[in-house]
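Listed next as structure tokens is one chain, alone, in the form predicted on its own.
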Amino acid sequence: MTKKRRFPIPTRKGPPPREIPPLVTRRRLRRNVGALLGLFILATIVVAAAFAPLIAPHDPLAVAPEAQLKPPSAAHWAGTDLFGRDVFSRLLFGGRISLLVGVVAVLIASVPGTALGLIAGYYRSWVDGLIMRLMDLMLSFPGILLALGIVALLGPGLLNVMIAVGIAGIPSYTRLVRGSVLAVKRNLYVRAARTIGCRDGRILLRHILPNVLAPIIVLTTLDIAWAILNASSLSFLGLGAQPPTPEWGAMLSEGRAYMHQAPWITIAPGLAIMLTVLSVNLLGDGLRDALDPRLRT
């Protein structure tokens, strides 16, 4: 009796499974050494600032005239300032204020900027012209100069610095979101939503906004560094944090008269600002590369 010859049943190969964009983004970030380095440095700074009351060896506001202008030592890791206050402790507590100012200023800039960009890009007509001419007027002034003018009107103080830096950053978000909306609203799913009777608000929030979030996230990340720099500059000029509040820009201003005698007073906050801005920029560049659809395979 002969055996029947069995032939393999042919199987139809379908298309490869699609990769989920969040997983693709996460994998691309893990491969980016610069982004990982920036994330590590930024996370270290944030954790140190958040747990400043537990890490700081001294009271940042405690005055000790007998210990003024002491160089770095085991007792004072970053030295002391003119009033004998521990520079390292003030640096930790100053990080809480500087990071908070940067985040709040970016929120003040991104929320209204995104809303104005959505409206201008979706409706066009005279609304678009009015919004964009207002943004052009704001962009005609340098960001720091515009923030300086707003603080001069509102008065010195941390809250006013946040508002001023945030208002100065609105045009960047408006122009970016408007350009993205102009490209997205031509897609078929937007036309289909409009055809079945969806309202403009639903189309903007459910169909257009999720598809323009990637560039907004990248700009928000990079804008935190810009906000921290501008806020520190205003505090350096005496318009932000007022003595004896520890803030990186104010600490730079306090130590500029003692650069030759006690350079550690300005070196410590200067390094803190530099590392924070560098880490945010590295992370922002990595996010831009990971979220760029042209780089996905």
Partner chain sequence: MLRFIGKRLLASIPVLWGVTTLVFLAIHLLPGDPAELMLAESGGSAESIAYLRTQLGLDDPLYVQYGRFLLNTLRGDLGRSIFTNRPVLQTILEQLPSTIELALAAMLMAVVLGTGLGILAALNHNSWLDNICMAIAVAGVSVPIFWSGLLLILLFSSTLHWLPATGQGGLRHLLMPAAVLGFASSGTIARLVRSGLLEVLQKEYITTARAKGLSERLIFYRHALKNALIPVITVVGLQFGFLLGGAVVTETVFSRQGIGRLIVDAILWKDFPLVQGGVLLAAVTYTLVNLLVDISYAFADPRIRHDEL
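None of these values were measured; they are calculated from a predicted model. Positions refer to the first chain, counted from 1.
A second form of this protein, the form predicted together with the partner chain, is not displayed here; the remarks below concern that form.
Chemist: Only one of 63-71, 47-55, 34-42, 259-267 has heavy atoms within 4.5 Å of the partner chain in the predicted complex; I'd like to know which.
Modeler: Selected range: 259-267.
Chemist: Only one of L145, L130, V111, A192 gets a heavy atom within 4.5 Å of the partner chain in the predicted complex. Which one?
Modeler: By the 4.5 Å criterion, the partner-contacting residue is L145.
Chemist: Considering L153, A75, L159, L205, which brings a non-hydrogen atom within 4.5 Å of the partner chain in the predicted complex?
Modeler: The residue from L153, A75, L159, L205 that makes the contact is L153.
Chemist: With a 4.5 Å heavy atom cut-off, would you call L229 a contact of the partner chain in the predicted complex?
Modeler: Contact check for L229: yes, within 4.5 Å of the partner chain in the predicted complex.
Chemist: Taking the partner chain as it sits in the predicted complex, is L237 near enough to touch it, meaning that at least one heavy atom pair lies within 4.5 angstroms?
Modeler: Result yes; L237 sits at the interface with the partner chain in the predicted complex.
Chemist: With a 4.5 Å heavy atom cut-off, would you call I273 a contact of the partner chain in the predicted complex?
Modeler: Yes, I273 is a contact residue.
Chemist: Could you tell me if L282 has a non-hydrogen atom within 4.5 Å of the partner chain in the predicted complex?
Modeler: Although the partner chain is absent here, L282 would touch it in the predicted complex, with heavy atoms inside 4.5 Å.
Chemist: For the heavy atom contacts within 4.5 Å of the partner chain in the predicted complex, list the residues of 168-202 involved, in sequence order.
Modeler: Going through 168-202 in order - heavy atoms within 4.5 Å of the partner chain in the predicted complex - there are no hits.
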